[in-house]
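Okay, so here's just one chain, in structure tokens, the form predicted alone.
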Amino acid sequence: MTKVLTDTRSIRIKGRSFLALVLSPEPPLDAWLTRLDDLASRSAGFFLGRPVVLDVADLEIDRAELKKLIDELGKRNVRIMGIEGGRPSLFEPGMPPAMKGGRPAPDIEIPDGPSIEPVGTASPKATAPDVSAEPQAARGMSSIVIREPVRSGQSVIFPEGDVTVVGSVASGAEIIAGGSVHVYGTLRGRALAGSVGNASARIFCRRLEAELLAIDGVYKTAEDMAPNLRGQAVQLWLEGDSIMAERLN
């Protein structure tokens, strides 16, 4: 006998990808947490409400230490949505799930600059967080152009390529690009280029007043930037683990 299912009340399940912040702790963990606190204090709200993946692939850690680390991050309002690179013995019920298969962005070829000026030494890596993009971009594009200022509280996310802002980026706003970031006005907020693994990405702006800059996860806050670059037209790029900069004529 064949039974016909007539109940139309179903559960809809879809697949969807999101861009998440990835934290890769380094030993000793106490010192790493101190550096994390320093970043959070100098860039308020950077971790607030963000989906975060904890990468422990290069960390010698047991289950108890991992649970303690997750607790310490929770005290800092860093909520772990998943753990990457952990061996099966690290997990137990109630812990964030194991994750794998993150998709990197393609490299973008950019010519070398003529002269360089160090912005400072490298800081802990962190890729771009997941927030709602305004405006949304069609899939398959290699770049998008935002033809109006990006206001405080807004985020533009485009992991597929470059983001160009014709206007300014206000304090409290952020641009997150898989490729390079171009701002033809004042950059007062945050700009994160090469957000999903592109060390060739660059940041260009007509007037630098940024709260935070990052390229391929290496970040600099306002306090770390050379004073003679503030208020200037600047390009920034990554060499090794240092963000380099030069003024544009």
Partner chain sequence: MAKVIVVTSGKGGVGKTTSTAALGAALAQRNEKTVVVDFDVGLRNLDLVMGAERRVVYDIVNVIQGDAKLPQALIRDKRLDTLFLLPASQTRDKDSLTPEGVEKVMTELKKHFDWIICDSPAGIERGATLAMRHADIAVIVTNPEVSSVRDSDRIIGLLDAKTERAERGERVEKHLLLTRYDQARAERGDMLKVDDVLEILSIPLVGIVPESTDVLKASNLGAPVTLADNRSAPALAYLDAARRIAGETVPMTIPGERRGLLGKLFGRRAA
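Positions refer to the first chain, counted from 1. Keep in mind that what you see is a predicted model, and the values were worked out from it rather than measured.
We do not show the form predicted together with the partner chain, though everything after this point is about it.
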Listed residue (149, 161, 82, 85) with a non-hydrogen atom within 4.5 angstroms of the partner chain in the predicted complex: 149
Contact assignment for the partner chain in the predicted complex, among 207, 67, 42, 50, heavy atom within 4.5 Å: 207
Contact of residue 186 with the partner chain in the predicted complex (heavy atom, 4.5 Å): yes
4.5 Å heavy atom contact, residue 153 to the partner chain in the predicted complex: yes
Residue 143, heavy atom within 4.5 angstroms of the partner chain in the predicted complex: no
Contact flag, residue 224 vs the partner chain in the predicted complex, heavy atom cut 4.5 Å: no
Among 153 to 161, 86 to 94, 70 to 78, 175 to 183, the region lying within 4.5 Å of the partner chain in the predicted complex by heavy atom distance: 153 to 161
